[in-house]
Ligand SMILES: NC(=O)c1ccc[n+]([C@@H]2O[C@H](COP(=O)([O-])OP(=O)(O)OC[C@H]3O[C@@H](n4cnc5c(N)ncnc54)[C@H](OP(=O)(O)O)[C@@H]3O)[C@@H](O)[C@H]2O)c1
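One chain comes next, on its own, written as structure tokens: the form predicted alone.
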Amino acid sequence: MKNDVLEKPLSTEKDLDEIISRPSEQLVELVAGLGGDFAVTGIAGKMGVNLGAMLVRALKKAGVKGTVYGVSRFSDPAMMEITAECGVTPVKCDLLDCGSVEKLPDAGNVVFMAGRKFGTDSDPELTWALNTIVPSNICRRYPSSRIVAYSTGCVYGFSRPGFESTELDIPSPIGDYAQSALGRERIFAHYAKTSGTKVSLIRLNYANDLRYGVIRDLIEKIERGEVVDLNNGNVNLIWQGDAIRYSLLAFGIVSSPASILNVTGTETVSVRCLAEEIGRLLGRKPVFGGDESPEAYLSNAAKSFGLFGYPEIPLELMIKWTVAWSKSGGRSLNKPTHFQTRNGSY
């Protein structure tokens, strides 16, 4: 990303969303060659609108015609308006309803972002339904489309720094959420095998926006004087714009059988060191608690770096931006990541 972006103060959400959704030249070139429309299912989540906006901007910059459809129940009506403001065409749909899914517009390219994590403990049946039945509905509707499907690094077991999980490792999910997320992957892999659908599965670890993410979680803990839990002593982080960019570039590696791509930052970060740096910038001393375990959900994203280059926004800048945003009263989504969780309970 150009230096003017790195130096640009992020004082408004408009500035923030503009930077997050800015497409790279590499993505513009890829989009120009894909052809067809895009459907983004589950667009009303934390990353969806930025992803849809990046696609719209990439298509425009490439000079090619194409519609980006944003599919969601839109239980919050304001999200439909926000989606439309980005140039995305909103489509209201209950993805569990086969009849409604069948009526979705044609699209040669599908980004699957629908799913459920939080609330799993109180209603695991719904989580399993949303994470496995919905993918089946989408695969039946779009058997000939390219599909990039979001998953999670939680499908792996715990690993240590220096031995982070790679795409070749055997999954070992803990708890209903992670198990159902692996179930989601298996559904996509099944249709890739039986229907020839070209799929790429994105195993993401902790995208960060200034309004949410691990860094924001730690800032809020430190500002309130609450204990920073060190049970997971290390974590992987990536800027949301970079996470979206890698995910969309994965349209270039969709395949049958399905391909797998870890998406996260270049380094494994000590939670203690991260909190201490945040505390230094805030002028507050963190309070630590818990047994500091080196094992956590840690992923090796070397494959994505080899394919698409390194992240544009480094960890140091993410920290500075997020602390400055919080100090100036920038909005929080109030959606903790619960990155400290080790028992698979969400």
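Numbering starts at 1 and runs along the sequence shown. Because the structure is predicted, anything quoted here is derived from the model rather than measured.
In what follows, reference is made to the form predicted together with the named molecule, a form of this protein that is not presented.
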> If you check in the model of the complex, is Gly42 within 4.5 Å of the named molecule, heavy atoms only?
Replying inline: yes
>> So in the model of the complex, is the named molecule close enough to Trp239 to count as touching (4.5 Å, heavy atoms)?
In response: no
> Hey, in the model of the complex, is Tyr206 touching the named molecule, heavy atoms inside 4.5 Å?
Replying inline: yes
>> I'd like to know if Glu220 sits close to the named molecule in the model of the complex, meaning any non-hydrogen atom pair within 4.5 angstroms.
In response: no
> Among 69-77, 272-280, 250-258, 226-234, which stretch sits within 4.5 Å of the named molecule in the model of the complex, heavy atoms only?
Replying inline: 69-77
> Using a 4.5 Å cut on heavy atoms, which of Asp94, Glu167, Asp121, Asp106 is close to the named molecule in the model of the complex?
Replying inline: Asp94
>> Can you work out which of Val110, Ala114, Val88, Val199 has a heavy atom no more than 4.5 Å from the named molecule in the model of the complex?
In response: Ala114
>> Ile174, Arg216 and Tyr346 - do all three of these have some heavy atom no more than 4.5 Å from the named molecule in the model of the complex?
In response: no
>> Suppose contact means any heavy atom within 4.5 Å; which members of 212-230 contact the named molecule in the model of the complex?
In response: Tyr212
